[in-house]
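Quick heads-up: it's one chain on its own, the form predicted alone, in structure tokens.
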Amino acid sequence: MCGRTACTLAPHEVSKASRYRNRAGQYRRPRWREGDSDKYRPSYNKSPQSFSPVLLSLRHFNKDAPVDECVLATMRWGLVPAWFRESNPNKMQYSTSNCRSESLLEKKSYKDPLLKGQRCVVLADGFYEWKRSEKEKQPFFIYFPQSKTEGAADWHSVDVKSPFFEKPLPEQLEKDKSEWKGWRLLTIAGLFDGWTPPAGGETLYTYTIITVSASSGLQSIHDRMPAVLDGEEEVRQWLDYGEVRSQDALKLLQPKDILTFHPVSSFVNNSRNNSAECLQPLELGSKKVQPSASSKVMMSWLQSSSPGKEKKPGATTKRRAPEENEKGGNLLHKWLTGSCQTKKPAMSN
């Protein structure tokens, strides 16, 4: 399942990080639907009923737009079907924050949006999952592996006199010029619907996250995981409901062993807690956890950014994290370098 996520990028950063390809293979940076960038609030700890950024075809809002042109929208987590007749969407009697891929065609709440092509991609830094044991629940933060080498190639540093040098094509240069070099956002398959109050009023757009059986790498934590879309082509196929039929799109919903994770503190258990401490890697017991490349990238990202604020090129200002104090310094940095000697935080029941 998936009951908690994080998305800490500012609206303009989300646009940069969610670049997509159209049918012709051209790269596009999606714009926000009018007014929606103001509704989105970055957070380290998003729970159902909160608002998150989703990517979808612009055709859903503008019938004259190409199906393969995408737009960013802010939607509430927890699908409210268009046919729901109560005046208050909070009166839904059952949870729709997740839907199982195996039963999408069995439940009207999900079948209707699916057959109408109302597919979306939920964007997040990553998601949280809890591993149950006899005495406690240990939370983990799960996300795409990050690489220091992600981003545009520096063509100016290439030896053009080398016989192995191949001059990049103009379209490749343009691709690299606009490529996002920050955190790689998790792209999760979802469905959305628009609900309008029976008495009239503004339409509320909501979404649900599709889940599949957990991959082999995550089975030790939980038996379910979000349906992750891996790469630009899978994102394109899931969103292009004009070219890719529902039955074919469903084939993309498979367990994928492509994610990495690290344990975090029970601080994240309370959905009201919203700081970098939610993501801080935790040392379990006395066993040292060796820093991975992705964890090191996360350390750099957390030190240089805060929710909703973009680090300007060349800026060296370091954000003071919640876990930083006068005596202990930055615990995240210590954890990643293997020098943390602090005790394991107490776990909540």
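All residue numbers are counted from 1 along the displayed sequence. Quantities reported herein were computed from a predicted structural model and do not represent experimental measurements.
One more form of this protein should be noted, the form predicted together with the DNA, which is absent from this view; the next part is about it.
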Heavy atom of each of 103, 132 and 223 within 4.5 Å of the DNA in the predicted complex: yes
Could you tell me which of 183-191, 227-235, 117-125, 268-276 sits within 4.5 Å of the DNA in the predicted complex, going by non-hydrogen atoms? 268-276
Evaluate residue 147 for contact with the DNA in the predicted complex, applying a 4.5 angstroms cut-off between non-hydrogen atoms, and reply yes or no. no
Answer with yes or no whether residue 179 is in contact with the DNA in the predicted complex, where contact means some heavy atom within 4.5 Å. no
Although the partner isn't part of this model, could you tell me whether residue 37 comes within 4.5 Å of the DNA in the predicted complex, counting any heavy atom of the residue? no
Even though the DNA is not shown here, does residue 72 get within 4.5 Å of it in the predicted complex, heavy atoms only? no
Of these, 110, 140, 195, 241, which has a heavy atom no more than 4.5 Å from the DNA in the predicted complex? 110
Interface residues of 30-59 toward the DNA, as seen in the predicted complex [heavy atoms, 4.5 Å]: 47, 48, 49
